[in-house]
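A lone chain, given as structure tokens: the form predicted alone.
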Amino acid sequence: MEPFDLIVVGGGLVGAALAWGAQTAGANVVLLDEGDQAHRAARGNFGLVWLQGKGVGTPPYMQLSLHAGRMWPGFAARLSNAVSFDIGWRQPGGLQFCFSEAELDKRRDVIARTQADGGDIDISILDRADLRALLPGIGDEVVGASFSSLDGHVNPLYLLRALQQGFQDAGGRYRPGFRVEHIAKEGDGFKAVSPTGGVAGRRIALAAGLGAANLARHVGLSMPVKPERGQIVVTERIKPFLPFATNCIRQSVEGTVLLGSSHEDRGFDDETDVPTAAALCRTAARVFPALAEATVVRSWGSLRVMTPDGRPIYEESARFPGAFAVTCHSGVTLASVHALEIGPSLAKGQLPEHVSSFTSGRFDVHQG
């Protein structure tokens, strides 16, 4: 078999978006997916396309995120049409709830810093009266919220399924259960090696999240990522009451309510615990007291992918041109950019210029 144009290592949200984008741009792509035994970040993703406050203090990341948010409607429509099912994408705007005037002041500061960094996004402050007019069931402890019309949400598992299915429908080769243990330079390209065999390609993109850190060294790349555990609680289906995306509660298209999510430094432990789940439930009941009567049907924990500064890494190897690192913790928000811009660029053997500042070199420590 002729070498593939592009090998994508990692079948999660980031890898599947890259593979779909590159395949639909005309490349011959293989997607190597370890499978559900991998640390699937999509399992614990809250499903928000969240822009208010994203990248404050880091203008390039803010601009990238806002760009992704504006691409999402077109991306969602194209992907849903390709696979003929609803991925749960909605853009009703997002609310970040505040329980004190001090918290509202912090949101005002976020707005000011966003404007100072050149962020082209409308974020407004809603007082309690404004908020109650939108959401009559809001709790007495909520004093207000910030609101942005650019925020939205999606079902991350439907999104993953759509990307993987769309990739295969476009002629891409999907290899499940393929755990890459080594990457070798082979001729003008690369070979990804697993216990069951190898796959050759002219170029290779490492998008396996936490599993890519060790592989990166094989091709002269650095991917200093670590896990962050997130837990989510899900209730039974409830009559629609929450038409907006929010920072801590999300009602799915099907009617279930997601409560979340935690941010925990627990290494590679992806288990759940009662105290964390109880804290998520208490917060939800403070926002909407009626949720105290809802039945919890399940909860889970999963591992997010975090770089030292929380920003993405997009980089081509200087030692091994054609080998690329792609990783981020915002796999949902940035999915539109990964699918519509970075994937097609990788099909041509390059990265877009507007992500050139997101290399791992920013983590180097220089001592004089």
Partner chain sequence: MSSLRDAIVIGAGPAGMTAAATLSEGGARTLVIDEQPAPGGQIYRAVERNSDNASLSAVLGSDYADGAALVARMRASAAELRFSTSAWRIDADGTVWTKADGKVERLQARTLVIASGAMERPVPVPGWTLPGVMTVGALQIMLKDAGLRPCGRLVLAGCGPLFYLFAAQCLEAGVSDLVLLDTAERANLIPALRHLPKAVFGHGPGYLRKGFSLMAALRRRGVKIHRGVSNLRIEGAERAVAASFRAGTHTMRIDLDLVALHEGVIPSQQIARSIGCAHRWNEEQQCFLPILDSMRETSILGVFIAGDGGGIVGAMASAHTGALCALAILKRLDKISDTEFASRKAVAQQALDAHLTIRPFLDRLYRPRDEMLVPADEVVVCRCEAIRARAIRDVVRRGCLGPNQVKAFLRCGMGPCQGRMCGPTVSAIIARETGQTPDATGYYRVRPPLKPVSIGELASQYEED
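What you are looking at is a predicted structure, and each value in this text was computed from that prediction instead of being measured. Residue numbers count along the first chain shown, from 1.
Note that the form predicted in complex with its partner chain isn't included here; everything after this is about it.
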At 4.5 Å between heavy atoms, only one of the stretches 150-158, 216-224, 123-131, 89-97 reaches its partner chain in the model of the complex; which one is it?
150-158
Is its partner chain in the model of the complex near all of Pro59, Glu101 and Val332, within 4.5 Å of a heavy atom of each?
no
Only one of Ala116, Ala184, Ala292, Ala77 gets a heavy atom within 4.5 Å of its partner chain in the model of the complex. Which one?
Ala292
Check Gln165 for me: does it contact its partner chain in the model of the complex (non-hydrogen atoms, 4.5 angstroms)?
yes
Verify the contact flag for Asp273: yes if a non-hydrogen atom of it lies within 4.5 Å of a non-hydrogen atom of its partner chain in the model of the complex, no if not.
yes
Applying a 4.5 Å heavy atom distance criterion, does Asp265 contact its partner chain in the model of the complex?
no
Classify Gly197 as contacting or not contacting its partner chain in the model of the complex by the rule of any non-hydrogen atom within 4.5 angstroms, answering yes or no.
no
Looking at its partner chain in the model of the complex, which residues in 225-251 have at least one heavy atom within 4.5 Å of it?
Thr235, Arg237
